[in-house]
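Consider the single chain below, provided in structure tokens and representing the form predicted on its own.
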């Protein structure tokens, strides 16, 4: 499903973040990307999620070369194909739980079905239905991350990309979040997690090590 061929990312002539990376990720895999700070983990994830572009190589997604897509085409992929979860939750503090989860739906041209019903279904799954009208500022860290996961799920993406999703949480709450990712993977979603935490990586089925912009032994 995802195939990176000789992917490079340079910011300047003397600054290479990713160096000729070859990587294949199959549908339904549960992957941890690990490595030291500055190794290129987040850049790799951002290229996979069409947030950033490579400066060399090819990115093949479902048989299509997306490395040459324009900004509009990549924006469509970001909204339809991928769901994103970040360390600091990325929620809009002035909005309710419902409004934060609804955001990706507002950017879809074809708004089909009952949005409220879909969001309620997700919140029920995440055990947050009773918080649907609460302001996100009134939630705990674990609850906020579950809202962020709900927002990532609302467009029914094939791939969940999570950048250090437990980094702002205590160990017990982090485990609860990882249990959600494991359940999503069991339901067939491809889950890719950037992490420094070995306990988080152990939840995954494959670990990819990125060191100095290169993928090491897996």
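Computed from a prediction, not measured in an experiment: that's the story for all the values here. Positions refer to the first chain, counted from 1.
What comes next is about the form predicted in complex with a small molecule, which is not displayed.
- The partner is not drawn, yet in the model of the complex one stretch among 65 to 73, 182 to 190, 153 to 161, 41 to 49 has residues with heavy atoms inside 4.5 Å of the small molecule: 41 to 49.
- The small molecule in the model of the complex comes within 4.5 Å of a heavy atom belonging to residue 17.
- Of the heavy atoms in residue 171, none are within 4.5 Å of the small molecule in the model of the complex.
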